[in-house]
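In the form predicted alone, a lone chain appears below as structure tokens.
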Amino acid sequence: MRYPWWYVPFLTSPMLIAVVSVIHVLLAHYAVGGGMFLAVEAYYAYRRRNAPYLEYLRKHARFFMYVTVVFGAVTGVGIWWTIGLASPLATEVLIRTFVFAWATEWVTFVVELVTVFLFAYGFGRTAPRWHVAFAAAYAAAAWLSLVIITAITAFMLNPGRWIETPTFAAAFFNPQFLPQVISRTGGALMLCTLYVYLHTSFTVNDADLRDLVQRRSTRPALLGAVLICLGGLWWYAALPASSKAALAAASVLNLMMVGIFALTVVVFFALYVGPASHPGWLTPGFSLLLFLCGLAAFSTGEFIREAVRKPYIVYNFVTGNQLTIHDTKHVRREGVLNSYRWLHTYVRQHYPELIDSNGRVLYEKLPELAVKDRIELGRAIFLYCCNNCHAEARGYSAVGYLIHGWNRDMILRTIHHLHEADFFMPPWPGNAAEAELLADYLYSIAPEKPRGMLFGVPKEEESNER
């Protein structure tokens, strides 16, 4: 293990990644769909010589630029910052595997920045033909960026043939690639319309202009809802077996899946019955309600995509505790305290009596440590092996809640058989002595069973019996 751990109390680092990523995704998909909207509508407005509509597009382009370029770029950097700290090994694998794709994506990002400024500030200053061309170039670059990023995130969920044939083509065109491109393109179209509705309902007072914006922007959203459903069904069909099992085993994820399709259908019919058939329905309250429904559906989909990948970060290659499958076997032979560079340094500095002349940990001396030291060393092992998915006593997926009322023997047996007890979990990478240390720590934070239960045994009584 070449990297140190990153501790985020209560929330955990994966959830911090999720928060930043979901915000970025909601902005990035507007960047894609909004680019398409502005390109098509600028062409339409110039052909019809519709000056009021062009003025609206000018205002919307400024709003679009501030939202997507400013906030989108900041959250994009935030994703790199959080994944680099929370999942350094997985980030390294993605960089090495997709180095050409990342380079291409950076080119598309530069094209987006240049063309969006040229378009936003080109109203009245640029010939219509070139003005529309800038918008079209932006839309093409933004959609290509979506395709590239989608291929990389889809690879994490199902690398497909790459496991046996580690080539760029096998990684890029993975089984999840096309389903997610379809669903995300649909999401971009639908989210764009919801952003347009929100902006229009608060900024446009002219009824005829508002009706025109609704008519022009509703059909892409209806198409987007259809693409989301079709891509989502294909996404499920292309899931690896463990992800389908994880989805089936978690009731809350099943409810979320139903919620995504239900919200998408609700938005579809609200668009069809409302703005598509009755343009006068577009009010600030109606547009805000639709917008929140769209955000809820999209955010839920992102959460499910991450949740069903367990116990892997990159399916069948990098596990949730920042080890490759090959590394896990090596660490199990050598021991966690010997194999994790930063953890070994911690032991050498704080417990020099445990280190032999060759710099190796003397495992036979671990039982001689005081209980307080065993618990402290067990916590250090937890932070390296478990912190990537679990909080400690309290927080997101806190181990304290999961082992509520367990005795030490139950905890120790589960550590030795993690992946057998729950296939969401990677196998225990340490040896028997390190499992004892981890059990000591976990038992120290395990809450007691509630008082008054017929079969509840208070923790102190169990300790006395032992």
Partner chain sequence: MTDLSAPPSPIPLPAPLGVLYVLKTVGFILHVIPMNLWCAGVPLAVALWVTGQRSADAWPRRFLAQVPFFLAFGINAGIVPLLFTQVVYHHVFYPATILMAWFWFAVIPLLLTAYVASYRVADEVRSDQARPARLVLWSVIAWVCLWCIGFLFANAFSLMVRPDRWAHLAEQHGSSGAVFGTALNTADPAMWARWLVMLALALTTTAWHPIADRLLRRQEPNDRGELSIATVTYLAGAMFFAVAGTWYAFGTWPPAVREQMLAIPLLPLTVATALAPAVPAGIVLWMRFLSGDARKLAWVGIAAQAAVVALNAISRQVVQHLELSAFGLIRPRPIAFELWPVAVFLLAALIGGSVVVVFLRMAYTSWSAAGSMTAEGSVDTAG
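Numbering follows the first chain given and starts at 1. Because the structure is predicted, anything quoted here is derived from the model rather than measured.
Missing here is the form predicted in complex with the partner chain; even so, the following discussion is about that form.
- Judged by heavy atoms within 4.5 Å of the partner chain in the model of the complex, the contact stretch among the candidates 101 to 109, 193 to 201, 363 to 371, 238 to 246 is 101 to 109.
- Exactly one listed residue, out of 54, 398, 39, 435, brings a non-hydrogen atom to within 4.5 Å of the partner chain in the model of the complex: 54.
- Interface residue among 328, 283, 316, 126, judged by heavy atoms within 4.5 Å of the partner chain in the model of the complex: 126.
- Relative to the partner chain in the model of the complex, residues 234, 391 and 402 are all farther than 4.5 Å at every heavy atom.
- In the model of the complex, no heavy atom of residue 288 sits within 4.5 Å of the partner chain.
- Under a 4.5 angstroms non-hydrogen atom cutoff, the partner chain in the model of the complex has residue 134 among its neighbouring residues.
- Not displayed here, the partner chain is kept clear of residue 305 by more than 4.5 Å at the level of heavy atoms in the model of the complex.
- The partner chain is not drawn, but in the model of the complex it has a heavy atom within 4.5 Å of residue 62.
- With contact defined as any non-hydrogen atom lying within 4.5 angstroms of the partner chain in the model of the complex, the contacting residues in 63 to 95 are 65, 66, 69, 70, 71, 74, 77, 78, 80, 81, 82, 84, 85, 88, 89, 91, 92, 93, 95, given in sequence order.
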